Every structure is written in C-alpha cells, then in structure tokens.
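What follows is one chain in structure tokens, specifically the form predicted alone.
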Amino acid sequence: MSGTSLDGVDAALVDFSAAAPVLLRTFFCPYDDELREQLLALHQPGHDELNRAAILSNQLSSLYAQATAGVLENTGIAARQITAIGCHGQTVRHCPETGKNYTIQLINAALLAELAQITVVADFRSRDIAAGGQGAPLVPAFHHAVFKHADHHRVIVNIGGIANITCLDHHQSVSGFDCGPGNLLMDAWCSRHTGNTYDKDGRWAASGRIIPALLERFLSEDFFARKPPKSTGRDLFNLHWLEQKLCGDEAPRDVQASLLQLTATTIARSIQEHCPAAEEIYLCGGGAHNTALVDRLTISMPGKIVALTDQLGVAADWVEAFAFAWLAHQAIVRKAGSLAEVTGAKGNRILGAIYPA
C-alpha cells in the first residue's frame, strides 16, 4: 500500500490458510524526496503528464517489487509460495462524481508481476466506480471481516492523508465514508514552514493556537456537509485549497493548530452524526501516532474508548496494507471486496484486475 500521505510503501505478508487471516511480517520502503515531489506535481495539470505518469508508474512498480522482496527476506518463504500481491498503486486523481467517473492509481502491474514473479492484483477501485460507486473507501469491508465484534459497537478510524471511518454496529449493516483531510494538509504545511515531512506527535500544532474564524472557513467546505456515500483526496484538499482560506497574517503554527483541529472536528462530527451509539473508537494509519490529535479526539468524544487497532491485534501502521492483501485474496477466490452501502454502487463487486505471474 502506498497512500495519500506519500511517505512510502507498506508491505504486509498475510497468511489466509486458517479461519482468520494472520499478519506474518511487515516491511516499509520509504519514498525519497525527488519521487515524492514528482508524485505531488502529478496531482495538478502540467506539461507532458502522460509521459511523466508512465515513467513514475514504472519507478513505483520497481519500488513495489523491492518492498515485496523486503517483506519476504529471511522468512524462508519463496516467491513461488505466494498466491498474489495485492497492490493499490499511487493515487494521483480521484474523481468519482457524476460526469467524470474515474480514478487513477499509478502502477505498471505487468512489470511488477514480471519483476516479482508473483501474480499481481491491482486496479481495485475502477469496478466499483463502473457500478456507480465512489470507488472509496474500500477498507470498510476488511474492517468488517477482521474487527467486527458480536456485542460491541465499534468505529474504525483510518487517519492517512485522508481520514475515513467505518461504523461496525452489530445491529446494522456496515457504513463508512471519507471524513475529510487526515494528515495531508498538516504534512504539507509543516513541510513548507519547518522542512519536516510531518509534525511529530503534533508538537508544532500543540505550540500554536486555534484560529476560530479560520477553522470556520475550513468547515464551510461543501464536502463536509455532503451526505455519504462520499470520498475525497488531493483533488480537493491541497495547499491551494488551504491558501484560499488564509488571510495572510496568520502565524504558521496557529494555522497548523487549526488544521489539526479540522481533522479532529470532522472525524468526531462524523462519528457523532452517523455512529452516535458507538462505544469503542479504534484508530489506525499514520495519524494514530499524532499524540496531540489523539488527545483532541479523545476530548471530543467523552465516554467512548479511544485506542489504537493494536488493541485488536493489528498494529495501526499496517491495517491498510493488510486490507489490500485481503482484497487481493477476495479477488483470487472470486468473492466481493466492496460494500455497496459504503460506496454507493449498484451492488457489491469483485474488485481488481489479475496479472498472472
């Protein structure tokens, strides 16, 4: 999995031979600064886009192959013993709305299959969009399969570049949607003003003060009032969007504090509106390690347990990679990987295109 945060590739080795899937090993392959900048540039219209996208797809696929080799190293498990690689690719456009109906993830799946000598499952989102869905979020089906409890009403909150929630109510069908920005605006603002790729533990944000008027301008974005199903990405939430909300005289650390509050507020409001009876909130993704953000979420939702998915047996950093292994397995065994009630599609669909080794 390589997500909206653009930090690198997460690889998870998962065993599906037992009744419940088991995460055996993980590996992280970071992006270098040049690759990150090239990928960021492709999120906006520019010169020679098709050529640049094709070259980056090949570079990414080589990196995905390295991550595959890394997760298998010293395990005693050979490539020929792996059923498939599930690879999401790097999203550079996500436009599921009527009139556009497309999503683009950079990957050369044929090259990855050739380099790794393992069957590859890729292009998970397109089939759901073809069926009238948003193509995202796709992780709620996995959350339901792995984290649902027979008695406890849980919410799983994935805080990557974009934040999304999954409502696991044992009395109702699964629901879920993108809430809005997770880390991506905070990361971009932090990088611009401090040179760091992210705000470790939310310390810089915690040193600033929330600007109420700025927060209100953030929250006035139409996306937040839209009813699910809904999904979003850098096409909407980016530095240009942020700059349009600024007056220009704000202290950078105060903007960061306000961005952190935006993420906390939109997650908490989404839970309060759509999953008010939830007893347990479990966090995953990089934002789960932002201490200031977790503290703000905990304060915003009194009376609810707020913890990491580590408490459910899957470390917060590896839930998404685990999820795409699960989605690949669903494709291989010809079972649906999407939930129509989450994406808004005409029905559940088998997701992914298969590239045999």
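The shown structure was predicted, so the numbers you read here are calculated from the model rather than taken from an experiment. Residue positions are given as counts along the sequence shown, with the first one as 1.
There is another form of the same protein, the form predicted in complex with a small molecule; it is not shown, and what comes next is about it.
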Considering the small molecule in the model of the complex, which of E243, D201, E73, E279 comes within 4.5 Å of it through any heavy atom?
D201
I need the one stretch from 219 to 227, 102 to 110, 148 to 156, 283 to 291 whose residues put non-hydrogen atoms within 4.5 angstroms of the small molecule in the model of the complex.
283 to 291
Candidate site T4, D7 and D187: all three near the small molecule in the model of the complex by heavy atom within 4.5 Å
yes
Residue contact check: N183 to the small molecule in the model of the complex, 4.5 Å heavy atom:
yes
Please tell me whether any heavy atom belonging to G86 falls inside 4.5 Å of a heavy atom of the small molecule, as the geometry stands in the model of the complex.
no
Residue-level contact is defined here as any heavy atom of the residue lying within 4.5 Å of the small molecule in the model of the complex; does P96 satisfy this criterion?
no
Please run the contact check for G135 against the small molecule in the model of the complex: heavy atoms, 4.5 angstroms, yes or no?
no
